[in-house]
Structure formats: C-alpha cells, structure tokens
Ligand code: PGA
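Just one chain is shown here, as structure tokens, and it is the form predicted alone.
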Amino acid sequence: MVQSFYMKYPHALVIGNWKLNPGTNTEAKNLFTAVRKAIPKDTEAKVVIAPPFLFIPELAKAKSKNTLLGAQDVAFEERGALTGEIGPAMLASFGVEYVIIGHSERRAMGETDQQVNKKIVASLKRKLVPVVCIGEKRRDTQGQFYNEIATQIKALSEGLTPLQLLKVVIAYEPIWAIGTGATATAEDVKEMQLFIVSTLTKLFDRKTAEKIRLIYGGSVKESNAQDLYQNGGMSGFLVGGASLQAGEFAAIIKATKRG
C-alpha cells in the first residue's frame, strides 16, 4: 500500500454535500440521524454534512463533535440588497463551521473566480472554513487542463496571507466526474495533488503548500474510496450522491481509516 502524503493529518475530512436533497425537513432529520448512527464508532474522520439552507437550523440541534454542519454556499456580503443570499454571519450563528465555495454547479450559473475569492475572505472573517472547489471541465492529451487548475488556484488565493490560506480546504473535483459515474483514478488524483502543491509553492512557499488540506470529490463511492484515499494523496472527500445513503456514506468514511 502506498501511504498518502496527506495521512500526516490527524484525521480525514469527509464532507457530504446533499445539494437540493431531501425534500422535507422530516426527511432531512431522518437522514442526518441515520448518518450519525451509521458512522463507525471508531472512526478517526471528521464528518461534515452540508444540507440545504432551510434545514440547517433543525440539524444544528443534532450536530456533534464528529458530525459537524456545513453550508453549500455563502454570500460575500454580511447584509444588504442581495435577495435570496445567505451571509457568513447568519451561517455562523447557527453553528455552521464549513462552507462549500465555488462548486462547479455554482460556477456554471455564472459565479466567477473573483466572487469565489471574495466569499473565501468573507468566510474567514467569520471563522468559517472555506472548502473551495476547483476542477477541469475535461482532460486533453496535451495536459492543457493543468493551466485551468493553476488559474483557479491563483484566483482563489489572491490577496490571502499564508496564514489565511492554511485555514482553507481545497477540494479537487474534476467536473467531468461529478454526477457522471466516471471517476478519476488514484493515479490521476495523485498527479493533481502534486501539481496543486507545486502551484501553491510557486505562489507562496513549500512549507505552506504542503500544509494545505486537499480533498477529492467526483463520483466517490464505497467501491473506490479506499483506493482513492490510500493512493490519491488527498486527505478526505467531498461526497455528493453517495452522502444521501447513510450506509454508503458510512462505508466511504470507514475507507479513510488508517492501517
């Protein structure tokens, strides 16, 4: 077994992104309870659930030390004439600790790299952990997709100090693997982990780059989680559809156990 460089972290980080699911508050509570019960009692992983905004107040009552709350997006302003937006202070007031920023589905609706950067800064001010998504739309044989990743990394880190950047989680999610059933191989993920560290080293320094937590997302499931975790060089997962099945999600969490 090839030991992941990022296993130096004391625990894996596994985030469940529920997206626009489930349909009702009762279903959300039941799913959250099922997930908590299914998580292996001896897990070393830190688990975060990111439900739709409306379910956060209710689920905040049931969160625990190892089952934390995240949000799927955040506004970069605290308040103002921004119809439909949710500010970082609002999230923090309900016990949210993590926030997903720059997901490909948000970018597809027009979110820019500059807006992603603003959301990171706003989240850090409220002590929320930004989970910033990056990923290429497609892979080409010439490796031009690496330029796409480098551009996203440069934009998300613009204006941040090394200390601020260390509080950011970067989630590598190749867009072609999200919700498609296609998954990057562990070798693909490892190569991207090395590239991300190299890019961050050029922008900051090696010591900072090696300390930033990187996680992988993109059709993660029970059957591939262990290989991706052990050989992909990442320190956790951002899970979509599989996080809606308590047993499947628990199996992914279990796959991050060392030894």
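This is a predicted model, so every value here is computed, not measured. Residues carry their position along the shown sequence, with the first being 1.
FYI, the form predicted together with this ligand isn't displayed, but the following is about it.
Enquirer: Thinking of 19, 179 and 241 as the candidate spot, does this ligand come within 4.5 Å of a heavy atom on all of them in the model of the complex?
Expert: Checked in the model of the complex: all three residues contact this ligand.
Enquirer: Would residue 228 show up as a contact with this ligand in the model of the complex if we use heavy atoms at 4.5 Å?
Expert: Contact with this ligand, no.
Enquirer: Can you work out whether residue 103 and this ligand are in contact in the model of the complex, taking contact to mean some heavy atom pair no more than 4.5 Å apart?
Expert: Taking the distances in the model of the complex, the answer for residue 103 is yes, it comes within 4.5 Å of this ligand.
Enquirer: Since only the chain is shown here, I'm wondering whether residue 193 would be in contact with this ligand in the model of the complex (any heavy atom pair within 4.5 Å).
Expert: Contact with this ligand, no.
Enquirer: Consider residue 219 of the chain shown here, and say whether it contacts this ligand in the model of the complex, taking contact as heavy atoms within 4.5 Å.
Expert: Yes, residue 219 sits close enough to this ligand in the model of the complex that at least one of its heavy atoms falls within 4.5 Å.
Enquirer: Considering this ligand in the model of the complex, find the one stretch among 170-178, 69-77, 150-158, 90-98 with heavy atoms no farther than 4.5 Å from it.
Expert: Of the stretches listed, the one contacting the partner is 170-178.
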